[in-house]
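Shown below, as structure tokens, is a lone chain in the form predicted alone; questions about how it binds or moves come after it.
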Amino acid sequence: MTDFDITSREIDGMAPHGTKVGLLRVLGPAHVWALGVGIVLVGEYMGWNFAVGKGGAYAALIACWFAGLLYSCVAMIDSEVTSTVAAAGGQYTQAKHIVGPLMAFNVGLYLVFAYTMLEAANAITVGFLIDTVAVMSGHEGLDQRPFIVLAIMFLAWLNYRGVLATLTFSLVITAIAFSAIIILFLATSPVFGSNVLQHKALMTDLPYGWLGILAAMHFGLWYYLGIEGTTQAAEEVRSPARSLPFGTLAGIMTLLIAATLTWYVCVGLMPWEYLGQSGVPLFDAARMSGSTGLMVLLGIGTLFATLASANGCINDASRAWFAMGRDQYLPSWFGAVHPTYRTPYRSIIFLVPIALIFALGAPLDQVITFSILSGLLEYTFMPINVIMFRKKWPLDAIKRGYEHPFHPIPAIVLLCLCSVAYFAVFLGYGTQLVAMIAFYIIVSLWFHFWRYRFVRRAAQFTMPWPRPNGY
């Protein structure tokens, strides 16, 4: 066993003028929790309910459970590998060390596109929310575009100025948004409130049978999509071995609670035909409770959840792009660290216009689907990654911050559930799935035949591990 200290402060980026400056190690477990939950919680406020439209209320609940199992596997695998490969880039860096450069390049792109598309979707939602409030107050015809641009620019500026302020901001607004769900549940439940829920009257059998359950799985991913983003904080937390597993596992437990409460309240207040098409289901549920206070609270919660998600997406996409630039998988210009704020500022700035293009010019469902498909491809890589990791470096070979139990069962379950999710997505968005796989094949060829010649092959392996078994 090596004595490598994964809390080392000697991991550096590359700053302008040849100065060596690394990312700041200033984050704690609460920031990791805020990063993971902050990205995902917007899925409870909107998006998950399309699963109800695909298969009814019970299908959405089954999708919630299966997707919860899928992401629990993701969280356990991530917690073990990332607490050991503690560097920016998350799953990209894991693939680089464990699988190989071509897989790492693809995983890096999956991360960047998943988070950038999700950021664009969140910005679109901010514009929609403000327009909804304007209509409710009698001001119709509001132009949403200035609010979309303002949201992306403000959050990019916040990320540019420093990671501690960025994720502290996420921590506060995420906690408020999560508390709003708890308060809505308590206020409408028979235990503490007036019991306005009508499950017996509103719940129906499966309107589209078992095929509806399968179709619902596509949008069931929205309950948890993005929890794996906690890994992007690996190089900026004070103690990766403790903070990353704690923040990630606490995050998935928080989301399981939030998802269950959200489903329970919403299906008890709205018919499945309406709920399945709602743009802001939790806000609509608060309106139907008859309480003005709840309506205002859930409106604020919806806005905060959206901003927290976009904020975390900028953080995560920029770290993945930065890590690829630092290793010269992309031009090394992107691997710079700001000399004062200690952030990957060039990567943050570069991704802003891409997010704006998609937020202003692409339909919301297409943007969301691109994000989900990129995430699915990333999850499919993870079982392969952890099986190779355990085989090459068994438990007694290197220190781990966390060892996930029952290996390799979580990896096998994750692979099976990813297959189900692929089929579910194919049912509704088969053309987009084929187009996206074709896109990744083309960029893989570009990397293999052109870009890889610029990679410093020996310098990219930064973990002082012993030789893997079999070499």
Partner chain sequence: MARYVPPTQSKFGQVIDVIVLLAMTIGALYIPLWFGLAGSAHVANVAENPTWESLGQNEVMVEKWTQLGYADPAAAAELITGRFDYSFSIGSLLVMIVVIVGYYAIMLRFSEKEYRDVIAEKFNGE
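Residue numbers count along the first chain shown, from 1. Keep in mind that this is a model prediction, so the values were computed, not measured.
Beyond the structure shown, there is the form predicted in complex with its partner chain, which is absent from this document and is the topic of what follows.
Out of the listed residues Leu171, Ile398, Leu202, Val352, Leu202 is the one that sits within 4.5 Å of its partner chain in the predicted bound form by at least one heavy atom. In summary, among the residues Trp321, Tyr92, Tyr115, Tyr224, the only one with a non-hydrogen atom within 4.5 Å of its partner chain in the predicted bound form is Trp321. Heavy atoms of every residue among Lys54, Leu211 and Phe381 are located within 4.5 Å of its partner chain in the predicted bound form. Stretch-level contact check against its partner chain in the predicted bound form with heavy atoms at 4.5 Å: of 182 to 190, 299 to 307, 158 to 166, 381 to 389, the positive one is 381 to 389. By the criterion of a heavy atom within 4.5 Å, Ser194 is excluded from the residues contacting its partner chain in the predicted bound form. In the predicted bound form, its partner chain lies farther than 4.5 Å from every heavy atom of Phe66.
In the predicted bound form, its partner chain sits within 4.5 Å of a heavy atom belonging to Phe358. Under a 4.5 angstroms non-hydrogen atom cutoff, its partner chain in the predicted bound form lacks Tyr264 among its neighbouring residues.
In sequence order, Tyr422, Phe423, Phe426, Leu427, Gly428, Tyr429, Thr431, Gln432, Leu433, Ala435, Ile437, Phe439, Tyr440, Ile441, Ile442, Val443, Ser444, Leu445 are the residues of 418 to 445 having a heavy atom within 4.5 Å of its partner chain in the predicted bound form; the partner itself is omitted from this view.
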